[in-house]
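Encoded as structure tokens, the following chain is the form predicted on its own, with no partner shown.
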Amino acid sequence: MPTVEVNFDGIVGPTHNYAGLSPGNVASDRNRGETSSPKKAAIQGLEKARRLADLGLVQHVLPPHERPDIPSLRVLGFEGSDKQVLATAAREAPDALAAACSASAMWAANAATVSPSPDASDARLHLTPANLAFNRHRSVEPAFATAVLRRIFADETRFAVHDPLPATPRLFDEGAANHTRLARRHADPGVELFCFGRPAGAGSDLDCGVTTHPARQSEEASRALARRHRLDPARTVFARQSPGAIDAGVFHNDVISVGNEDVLLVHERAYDDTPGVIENLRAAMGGPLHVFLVTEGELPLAEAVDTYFFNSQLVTLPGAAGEGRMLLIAPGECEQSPRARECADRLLAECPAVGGVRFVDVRESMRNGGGPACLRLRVVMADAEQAALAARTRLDDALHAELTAWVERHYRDEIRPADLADPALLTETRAALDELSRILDLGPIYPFQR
């Protein structure tokens, strides 16, 4: 039965803005308060997804969450009409308003952790939505993410969409951004690598060894996910992120490594014990694992973070086998960096499985701290599992054209911080999302539709 990796890309929401809400995310902090372009951001994201679909890859989309999130403001005691809630929050608690307007759900790599059916003892595909409890602005995402995933992966005989883990510091979970699956081929039982920055029992960032930026993913959450997903302990590896890398701005592991099938592209400072992690992965694989190791001298951590070289998508081309079967989809910023470009050239020269590099423009997302890999959730699926998906989320030429026209109709060209309190923005986004739910055949999935 053919099995492929399916990418579910988050559609950038109409309130995409630069509020700098994410501690440890260098780009997010650097561009705080700048003017954003929601329309450009959404078009760039859709174009990136279309380019992958044009390569013959299976590409789906996930809808934006409703923003501004009025219920999250009401929970904080703001009362009155929606317009009054926005005005009062803007005056009394601008940080709360910024959190309620964040479009961070666009980074679908944080939506959930996914284990495909070949890896699970019950032969079902398992998804656990991330609790995202570390950051205030993201902690409101899990309920809607769970509802969307259960709408799309509705067949419980094939799919298990779990509840998020409890939202406590000991179980901080940031989703697939700290998870990598390796396998001889997608259809084979895989080795799942869970990365964490907060060791079991850590009560503070000092316990995690970081001094500048916080550690987010917890070891206890990672181990709980592996148990939930019914993984084989012999084919499951847990790795601690390097505290020094976290302090350099590697807030998620997908900022410092990317793997696909039997290839792992990784920086030497990715893990607390990088050689040991690689040894454990090789042992769990029980077969070839091609590791492309980038040194600090070749690409310093600071430049790896600036260019998001490792936040590329490493994808297997359909029907391809042997040499050149993979393609690296890298952010355009890598093309402008001599060091990152040299790393890409060396990858092509030394790793026969990778046959090319394509650069994509996702600058609006990059300025907020998310590259091509942040925008997608990877789901390895057999044909029969794909056929069981509900809703109209697979991206083809017709849906791409329809979504592009939808963005052109509804999205603003620019948003400044002061615009978040504009009651018209709420009206505009609800109108957009109401139409989108019909385009994607999701039904009345948004709270305002009920």
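No experiment lies behind these values; they were computed from the predicted model shown. Just count from 1 along the sequence shown to find any residue number.
Note that the form predicted together with N~2~-(3-carboxypropanoyl)-L-arginine isn't included here; everything after this is about it.
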Is the gap between N131 and N~2~-(3-carboxypropanoyl)-L-arginine in the predicted bound form 4.5 Å or less for some heavy atom pair? no
4.5 angstroms heavy atom contact with N~2~-(3-carboxypropanoyl)-L-arginine in the predicted bound form for S312: no
Touches N~2~-(3-carboxypropanoyl)-L-arginine in the predicted bound form: H229 (any heavy atom, 4.5 Å): no
If we define contact as a non-hydrogen atom of the residue within 4.5 angstroms of the partner, is S37 a contact of N~2~-(3-carboxypropanoyl)-L-arginine in the predicted bound form? no
The one residue among L21, L433, L442, I11 placing a heavy atom within 4.5 Å of N~2~-(3-carboxypropanoyl)-L-arginine in the predicted bound form is L21
What is the one choice in V191, A177, A245, A145 with a heavy atom within 4.5 Å of N~2~-(3-carboxypropanoyl)-L-arginine in the predicted bound form? A177
Stretch in contact, per heavy atom within 4.5 angstroms of N~2~-(3-carboxypropanoyl)-L-arginine in the predicted bound form, of 291-299, 81-89, 333-341, 108-116: 108-116
What residues, if any, in 366-385 have a non-hydrogen atom within 4.5 angstroms of N~2~-(3-carboxypropanoyl)-L-arginine in the predicted bound form? N368, G369, G370, C374
